[in-house]
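Next up: just one chain, as structure tokens, the form predicted on its own.
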């Protein structure tokens, strides 16, 4: 019988991309992928360490395997494995601790182990672009890694320590990867990385990369994932209106206070951020912006927080990932005075959540009467669900539709609740 492998992925889309590649590699070589709570021969936990909560969730995941006392191999990888590598290697219940630089080698490592062969990781090799194209994944959309690492060194952020300095993937490799996954049958491509607007390979910028991708003479939708406000060029603004490019960006604000943005070492002001939004919406008023907000950064005053709420009100984000500031060792913000009280962080986080939910509903409701092209992800009991081009979840009824296909629909209503689907009819 084939060996069974279970995965648990925490954190960002970059982690999801890397897990998808590993899953596909195991399947292609005869392994069986099972749910994380099922019995398996090996458990792979792809961890996050961006916040204290990420650490807790990651540790809960691999401790869950340990407590079940299963006769299986446990591999801990990802950002937490990079940050706390030595400590985790001292835990006898963890068989392998694999940092981000060597995550792409996990299949060879585990496959060699099961075959009774030896496999040594090259500690001097940074193989962050060695992941194979993913054919069998957990997602309808195919994520494509174009960049890794970051040189910004925001004062609160540990990513440069756990992901390393910025590095961009060769553009020809990216185009080849996209064509391969299109051959696999994927219809939507999602670009991912740590700081993708800083893409720079042999003088080619991010807008050069986008231009090369949309020139691929095939039928697909391109989605750009999380981006930073720096790196926008006139050519990029133009390309964001291209018919292949989905009208959605996760544009990271973090704070609406210029004072806090400066202390965070962010490379923009609120006015510059709003200028990007305005310029894009001048040509596409319904363009969807989602964002990240950090509350409770050291010395954040009531005035600073009110400026953040006002920015949310004015910009009209359709979704907000809210983070309570989390002190991370080896960052400048951890050494700053005037650390914010946890109760105040919680209170401010709840205020952002409530306002964010209101803005989400208002944005989604604005599509009633409009049309969307939905990529169907699930079809059960005559109900199809998926995402429109503006990255809003949509449901519609049909006698028969195919998963992983586009369908044009008209929005006729919206569900109740905090994360409402739009309701539609086929046209």
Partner chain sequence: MIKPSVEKNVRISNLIDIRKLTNSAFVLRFEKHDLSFTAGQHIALGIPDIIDTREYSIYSAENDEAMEVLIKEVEEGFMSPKFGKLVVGQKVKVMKPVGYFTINKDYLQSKRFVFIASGTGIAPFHSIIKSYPDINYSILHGIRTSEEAYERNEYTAGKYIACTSRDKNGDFHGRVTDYLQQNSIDTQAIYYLCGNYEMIDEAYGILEKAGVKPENLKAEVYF
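Numbering follows the first chain given and starts at 1. All figures in this text were calculated on a predicted structure; none of them were measured in a lab.
Below: the form predicted together with the partner chain, not depicted.
Contact check for 82, 121 and 198: all three have a heavy atom within 4.5 Å of the partner chain in the predicted bound form.
The closest non-hydrogen atom of residue 349 lies beyond 4.5 Å of the partner chain in the predicted bound form. In the predicted bound form, at least one heavy atom of residue 164 sits within 4.5 Å of a heavy atom of the partner chain. Heavy atoms of residue 219 never reach within 4.5 Å of the partner chain in the predicted bound form, leaving it off the interface. In the predicted bound form, at least one heavy atom of residue 160 sits within 4.5 Å of the partner chain. Residue 265 is the only one of 283, 327, 265, 242 with a heavy atom lying within 4.5 Å of the partner chain in the predicted bound form. With the partner removed from view, the residue among 357, 91, 151, 108 that has a non-hydrogen atom within 4.5 Å of the partner chain in the predicted bound form turns out to be 151. Contact with the partner chain in the predicted bound form, judged as any non-hydrogen atom within 4.5 angstroms, is confined among 171-179, 205-213, 151-159, 221-229 to 151-159. Shown here without the partner chain, the chain has 330, 332, 335 in 316-351 lying with a heavy atom within 4.5 Å of that partner in the predicted bound form.
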